[in-house]
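A lone chain, given as structure tokens: the form predicted alone.
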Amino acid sequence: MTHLDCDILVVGGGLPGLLLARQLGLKSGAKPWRVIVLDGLPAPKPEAVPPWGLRVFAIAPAVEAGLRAAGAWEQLPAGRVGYYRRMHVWQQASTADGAGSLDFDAADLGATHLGAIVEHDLLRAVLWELVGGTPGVETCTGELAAVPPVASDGHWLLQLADGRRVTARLVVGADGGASQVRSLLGAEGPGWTYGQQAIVAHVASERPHAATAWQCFRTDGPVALLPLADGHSSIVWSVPDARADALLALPDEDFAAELTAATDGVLGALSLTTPRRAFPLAARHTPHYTGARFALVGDAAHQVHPLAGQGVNLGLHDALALAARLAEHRVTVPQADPGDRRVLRRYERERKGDNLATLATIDGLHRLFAASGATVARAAGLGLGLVDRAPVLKRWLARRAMGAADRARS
């Protein structure tokens, strides 16, 4: 029976887990931690990723900087990164360019762009390839068995589904919203569903997207048009479950007509260029990101509604912060222990407040704009207009949306 031994076991080969492993190898000095990344699927290859997958993310500039430091950003083909310079937000009760709207412009902040639209599968493949050449890091295909880990002599002993065993001094759960690590280690926290699904697809538009992210807050859920580098837009349309099922059943032309109406024709007539998919929406916040020789990052620790596009950015901030704290510990403390509770608590304090505040803000926005009644709708729209005419508040909100650099101390 094969036995694997490491300092740090990262369970989950998604974006946060891979970025964490890469940064640990780069930043931990002459003797990097021995890191294993465990994932149920074999490593993807960038050249095998088909263009413009449906799952895309708006990457904030601060996270982009972290990906550049990891050597990943430069590996993304230039023609598949859609930078956007403006963000236009409006409320259903108003017109797209009326008083109940809000504009953010990178030029007002002295920046070149507010964010970049990147394909999940492409970025993941690039990170996998980089991790494969990172000192001290190896990848392993496999899954945890549904057997509680055993704590013994300063490490965890875990069993894989194929019978192999792994010894690790620190286990990091980077395995998503349905985290098995979180469950096996008894770190579950409160979560809730929204009774909504997010419909995603790519569309062509009658008018150019103008390097602008467009978002309309509707009473049945927000709809966003995210600018892609090829001139198309990626849609994220959040609607109640029954409405999602009905929309998914429509012929392409009828769905496009509904989408055009839902976006108030801001880009003119829309037409589908890909199939549609839908994902159920949920939120969660785990009370304890860390414990006895474990830490949680990304969706394993917290999930948010996608209306502000912050979920992946929060998770990658987690990875950068945990890597920074562990790397500092490695290079400054003789016989450093990756499971040192003080180091793990430092990471937790650094990230929990920001994540919880973001979750509460996004959940509050969702509930405000989803509230029924003309008075509430008018008040919400008026609030957008007031923010648009308050330069200091508007600039502060824009910097948070961009992931200001002081939030990712890496």
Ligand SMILES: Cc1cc2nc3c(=O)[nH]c(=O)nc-3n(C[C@H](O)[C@H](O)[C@H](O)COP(=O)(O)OP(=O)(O)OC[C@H]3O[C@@H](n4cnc5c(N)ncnc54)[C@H](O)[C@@H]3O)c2cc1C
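Model, not experiment: these values are computed from the prediction. Counting begins at 1, following the sequence as shown.
Same protein, other form: the form predicted together with this ligand, not shown, and the subject of what follows.
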Check: Where does this ligand sit in the predicted complex: which of 329-337, 143-151, 70-78, 263-271, heavy atoms within 4.5 Å?
Finding: 143-151
Check: Is there a heavy atom of Gly14 no more than 4.5 Å from a heavy atom of this ligand in the predicted complex?
Finding: yes
Notebook entry, point to check: Any chance Thr134 has a heavy atom within 4.5 Å of this ligand in the predicted complex?
Noted result: no
Next item on the list: Answer yes if any heavy atom of Gly53 is within 4.5 Å of a heavy atom of this ligand in the predicted complex; otherwise answer no.
Entry: no
Check: Wondering, does Tyr83 line up within 4.5 Å of this ligand in the predicted complex on heavy atoms?
Finding: no
Next item on the list: Let me know the one among Gln310, Gln92, Thr212, Ser205 whose heavy atoms come within 4.5 Å of this ligand in the predicted complex, would you?
Entry: Gln310
Next item on the list: Heavy atom within 4.5 Å of this ligand in the predicted complex: which of Ala125, Leu185, Leu158, Val236 fits that? Just give me the one.
Entry: Val236
Item checked: Output flag, Ala65, Thr112 and Pro227 jointly within 4.5 Å of this ligand in the predicted complex, heavy atom basis -> no
Next item on the list: Could you list the residues in 35-49 that come within 4.5 Å of this ligand in the predicted complex, counting only heavy atoms and keeping sequence order?
Entry: Leu38, Asp39, Gly40, Leu41
